[in-house]
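Form predicted alone, single chain, as C-alpha cells, below.
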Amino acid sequence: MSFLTKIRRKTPNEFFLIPGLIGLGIFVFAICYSIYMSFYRYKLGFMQPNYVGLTNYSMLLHDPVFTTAVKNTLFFVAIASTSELLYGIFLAVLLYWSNKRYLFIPFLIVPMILPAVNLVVIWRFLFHPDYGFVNQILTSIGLSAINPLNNPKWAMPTIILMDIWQMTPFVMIIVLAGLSTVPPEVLTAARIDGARKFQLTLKILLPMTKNVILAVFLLRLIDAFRIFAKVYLLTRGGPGVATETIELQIYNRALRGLEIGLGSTMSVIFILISLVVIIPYTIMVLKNWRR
C-alpha cells in the first residue's frame, strides 16, 4: 500500500472540502462587504467613508448611463443565451444524424477554445473599415463598407453575434452528448412504426434530453452575465453608451474612478439582477429533474 493511499484512508472525507469552503468564505465575505460599502460614499485616497444610507441606490436608479447599462446587459443576456441554445440544438441534431460528425466537431469547437483577446482580434479584422474581410466582400459586389462597431445601432448586435459564434459550440457539445444517451432501441422501435428522422427528433430525441437542454441553458444564462472582456476589448462601452454594461460601469467607477461606494452599490444591484433572472429558472430546472 502506497504512502498516499494510507493518508487517504486515514483522512476524513470532510477534510477535502476545506479548500472549497475557504473559497466560498472569501466570496461570501466580499459580497457582505460590498453590501456594507454600498451605504457609504467613499472615494479611495480622496475621502473617508461617509454614511449616506440609500443615496447611492437612488442616484444610480436615476443615472441614465447606469440604467442604459442595465438594459444593455439584460438585452445581451436574453438574445445571446437564447440564440446560442436554439442554434446549438440545431447543430447538435444535425451532427447526431451525420455519420461523419467527428470530422466536423473539431472545426466547430475552434471558436469556443479561443481566448477572448484572440477572438476580439479576429472580429476586429473581419469588420475593419479599410481591409476587413467582410468589407472586402461588400465592396467587391458594389456595396458600401460598414463599420458596425462604431455604429450605435449595430455595435451591441455585433458583440452578440461574436458571443454566439464563440459559445454555440459549447451548447452543441453538451446537447449532442445528451442525444447520444438516448437508447437506440427506442429509435429502432419508432422506425419500425414508420417514424422518420424529423419525427424521431421532435417526438423522441429532444423530449428525452429535455433535462440536458434545461441544464445547458442555465449554464449559458449564468455565463452570459459575464461579458466584461468582450465589451471592454471591442468597444470600451462605445460608441457613446451603446454597449455600456453593468460590469463595465463597475470597472470604470470602482477600479478606475476609485469610487468604492458607488462601485459596491453597482455590484449589489448586479448581483440582485442576476439572482432575479437565474433563481426562478434554476428552481424550474430542479423541479424537472425530480420528476
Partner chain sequence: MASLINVFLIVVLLTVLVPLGVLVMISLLPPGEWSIPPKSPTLDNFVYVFKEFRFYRNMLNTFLFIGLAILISLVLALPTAYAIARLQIKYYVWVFTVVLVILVKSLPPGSLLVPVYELLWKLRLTNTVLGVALSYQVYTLPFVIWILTSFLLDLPREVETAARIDGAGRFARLRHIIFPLSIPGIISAVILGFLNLWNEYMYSSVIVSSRNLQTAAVVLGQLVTSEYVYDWGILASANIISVLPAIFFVSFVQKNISKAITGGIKG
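Heads up, when I say rigid core I mean the largest set of C-alphas that superpose within 1.5 Å between the two forms. Residue numbers count along the first chain shown, from 1. What you are looking at is a predicted structure, and each value in this text was computed from that prediction instead of being measured.
Unshown form predicted in complex with the partner chain; subsequent notes refer to it.
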Within 4.5 Å of the partner chain in the model of the complex, heavy atom basis, the matching stretch of 139-147, 123-131, 183-191, 78-86 is 123-131
Margin query: I'd like to know whether residue 21 contacts the partner chain in the model of the complex, with contact meaning heavy atoms within 4.5 angstroms.
Written below: yes
**Report entry** Heavy atom of residue 254 within 4.5 Å of the partner chain in the model of the complex
**Finding:** yes
- Spell out, yes or no, whether the shortest heavy atom distance between residue 53 and the partner chain in the model of the complex is within 4.5 Å. no
Q. Might residue 203 be said to contact the partner chain in the model of the complex, defining contact as any heavy atom within 4.5 Å?
A. no
None of 70, 242, 260, 60 but one has a heavy atom within 4.5 Å of the partner chain in the model of the complex; the exception is 260
Margin query: Residues 36, 39 and 156 are flagged as a possible site; in the model of the complex, is every one of them within 4.5 Å of the partner chain by some non-hydrogen atom?
Written below: no
Taking the partner chain in the model of the complex and a 4.5 Å non-hydrogen atom cutoff, the residues of 106-120 making contact are 106, 107, 108, 109, 110, 111, 112, 113, 114, 115, 116, 117, 118, 120
When the rigid core is used for the superposition, does residue 272 move between the shown form and the other one (threshold: C-alpha shift of 2 Å or more)?
no
Under comparison with the form shown, the C-alpha atoms of residue 282 and residue 86 in the model of the complex shift by 3 angstroms or more, placing them farther
